[in-house]
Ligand code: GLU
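Next up: just one chain, as structure tokens, the form predicted alone.
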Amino acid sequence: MISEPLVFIGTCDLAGLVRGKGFPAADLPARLTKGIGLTHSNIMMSPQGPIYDTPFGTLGDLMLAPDESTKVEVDFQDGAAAERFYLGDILTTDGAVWECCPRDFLRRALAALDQATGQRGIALLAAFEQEFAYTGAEPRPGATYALDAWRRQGSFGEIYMAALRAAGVAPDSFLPEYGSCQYEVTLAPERGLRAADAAVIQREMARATAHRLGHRAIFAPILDPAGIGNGTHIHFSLRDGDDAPVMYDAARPYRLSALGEQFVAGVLHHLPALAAVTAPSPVSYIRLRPNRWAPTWANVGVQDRGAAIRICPIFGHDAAAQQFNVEYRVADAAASPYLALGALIWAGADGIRNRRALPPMPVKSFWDMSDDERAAAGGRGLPRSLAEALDLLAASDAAREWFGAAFLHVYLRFKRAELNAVEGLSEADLCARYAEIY
């Protein structure tokens, strides 16, 4: 049979899913200019699919315009159609960026960071470390980090790495993880907007590879209430206009420069509310519980994987400043990378603008303290539910500035409708429902 190539244009939306529309590849030159049509209520499509609630109704038209730098064309050479898509921005019909565009939320955050640092031209370098369950691997006791677990994923890992490179992103690591059939992939760091584009491509190439092999890559925050969750950890550092690192100072607390401390202190200050954006599903809060190698407090820890914000290690003695980075761990793949990274940057820019400082380094382990001692050391408990996190976000004047009043209203309305749709489900049923989606 004959076939004609098709192209898809999408954006990673409020549900953390890539949605959009397709067209014949022959029309690509025209579509690169005018995009493809959407309506405002497209942004209100729930993770489950239906539009449960929308302030836009059936009125209005928008454009989804592809960014040529995000082109993905990967031929798996299996006889099926190639993966062929672009990521893009949501524009009004006169070509202006729509106020509820997820990608532009990140772009505006980067501009705010540049403004907060004055004329220094500070840029953010970031990489997403993403965990997922691969259904093509056999669940076996003792497979944690094991060579046997590596072996039992078969050809998935190698095909996935090749697909990532063909899609224009650079894989850094691939490994079996702590959970059953769980794997992790990290990319090389990228600057600003490209870091989030790469994270979206990273997920979609995992899904595409698994699909070609007759299986799934499941990025849901947690698959079993008694199990291990899938995190999306965001590693970041700051660079100046000459691409020199500016976040490291070995002589200061946490090895953070003054600028680095201000940025991290801004993230810490806003962190409980940030969870509504970076851990944005009901099952996210089943993962964020004690004894799951996931954060439960808003705190900073040196090389501590239980901390919300982890100061990462430096290996060896060479290029310490180049290696140095900080890891944000209160995130998962129910979040759009544009919103998650954007919220992180908005909070960090606020820290720089207001010259925020971190609490003094604790004199004993955070986990050896009582809850009162942790609070006295500057820690705060993370929200225990999405509803609690959304209330914190709604009460944040800073978040209203970051999103804009209209976009914040849309986001809160979207997430509360999602909560209402799954109200009454048991934790096991919630996990099963979200495992089907992500």
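Residue numbers here begin at 1 and follow the sequence given. No experiment lies behind these values; they were computed from the predicted model shown.
Same protein, other form: the form predicted together with glutamic acid (GLU), not shown, and the subject of what follows.
With the partner left out of view, is residue 292 within 4.5 angstroms of glutamic acid (GLU) in the predicted bound form by any non-hydrogen atom? The answer is yes: residue 292 has a heavy atom within 4.5 Å of glutamic acid (GLU).
Against glutamic acid (GLU) in the predicted bound form, would residue 182 count as a contact residue? Criterion: heavy atoms within 4.5 Å. Within the cut-off, so yes.
In the predicted bound form, does residue 231 have a heavy atom within 4.5 Å of glutamic acid (GLU)? Heavy-atom contact with glutamic acid (GLU) at 4.5 Å: present for residue 231.
Though only this chain appears here, would residue 305 touch glutamic acid (GLU) in the predicted bound form if you measure heavy atom gaps against 4.5 Å? Answer yes; at least one heavy atom of residue 305 falls within 4.5 Å of glutamic acid (GLU) in the predicted bound form.
Check for me: heavy atom within 4.5 Å of glutamic acid (GLU) in the predicted bound form, for each of 67, 103 and 204, yes or no. So, no: the whole triplet misses glutamic acid (GLU).
One stretch from 165 to 173, 364 to 372, 210 to 218, 223 to 231 that, in the predicted bound form, holds residues within 4.5 Å of glutamic acid (GLU) by heavy atom: Of the options, only 223 to 231 has residues within 4.5 Å of the partner.
Contact assignment for glutamic acid (GLU) in the predicted bound form, among 129, 73, 114, 89, heavy atom within 4.5 Å: It is 129.
Using a 4.5 Å heavy atom cut-off, which residue among 261, 350, 197, 177 comes into contact with glutamic acid (GLU) in the predicted bound form? Selected option: 177.
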